[in-house]
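Given as structure tokens, the chain that follows is alone and in the form predicted alone.
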């Protein structure tokens, strides 16, 4: 096991975990570092770098350098493709978009990227990525057959398949900017079946959203749009307060 994965396991033993998603295109270079610093001061556990399509290695590298100099928590690439890799980060979510019709996003891009991940010294963390309706931009770009919000059994099937294939994490994604998060009954159903940690992201804007998802069993929450729209304001602070309260600080 790698250093970042060991860190995440330790954090998860304490309670729920929070990832702040920073887009290197929208918050380039030092702006990424400033955002990461503020998020970690409020209790975020790791910084994900990604979000836009077409992020260059240079842009990713500049953001990763700034974040790593600003905070002590892991800097993890949330990739949109092999071109967004950079040795300046600590790890990469080596994720398969399980409900995509595009085999490149299920496995073929991973075949091309794997040698680069090793050569760059990035720690790969295998993840099953499942897009739930509405899916937003990731659903469109990813040619996804989005899991209907009223079909938790289908989401559970995808999630269990990811676990049985040896993936360390499962991610239920409603899509960046989604009008509402993944439904709580779906989160509850998936969590009840899994032995690996469950990440939930997309549409989480308030403390109430976070509370509902954590009550349903989400173990890691990812927020990105709320910081892009409001900065480290009331919405973000409310989300972090729900996470930190449940782990005692």
Ligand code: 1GP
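Bear in mind that the values here come from a model prediction, so they are computed numbers and not experimental data. Residue numbers count along the first chain shown, from 1.
The next section is about a form of this same protein that is not shown, the form predicted in complex with the ligand.
Would residue 76 sit within 4.5 Å of the ligand in the predicted bound form, counting heavy atoms only? It does not: once the ligand is placed as it appears in the predicted bound form, residue 76 has no heavy atom within 4.5 Å of it.
Do residue 44 and the ligand come within 4.5 Å of each other in the predicted bound form, heavy atoms counted? Residue 44: no, not in contact with the ligand in the predicted bound form.
Classify residue 175 as contacting or not contacting the ligand in the predicted bound form by the rule of any non-hydrogen atom within 4.5 angstroms, answering yes or no. Contact with the ligand, yes.
Would residue 224 count as touching the ligand in the predicted bound form under a 4.5 Å heavy atom rule? Residue 224 belongs to the contact set for the ligand.
Out of the stretches listed (30-38, 183-191, 199-207, 62-70), which one is close to the ligand in the predicted bound form, meaning heavy atoms within 4.5 Å? Single hit among the candidates: 199-207.
Using a 4.5 Å cut-off on heavy atoms, what residues in 110-134 are near the ligand in the predicted bound form? The stretch 110-134, when checked against the ligand in the predicted bound form, contributes only 129 at the 4.5 Å heavy-atom cut-off.
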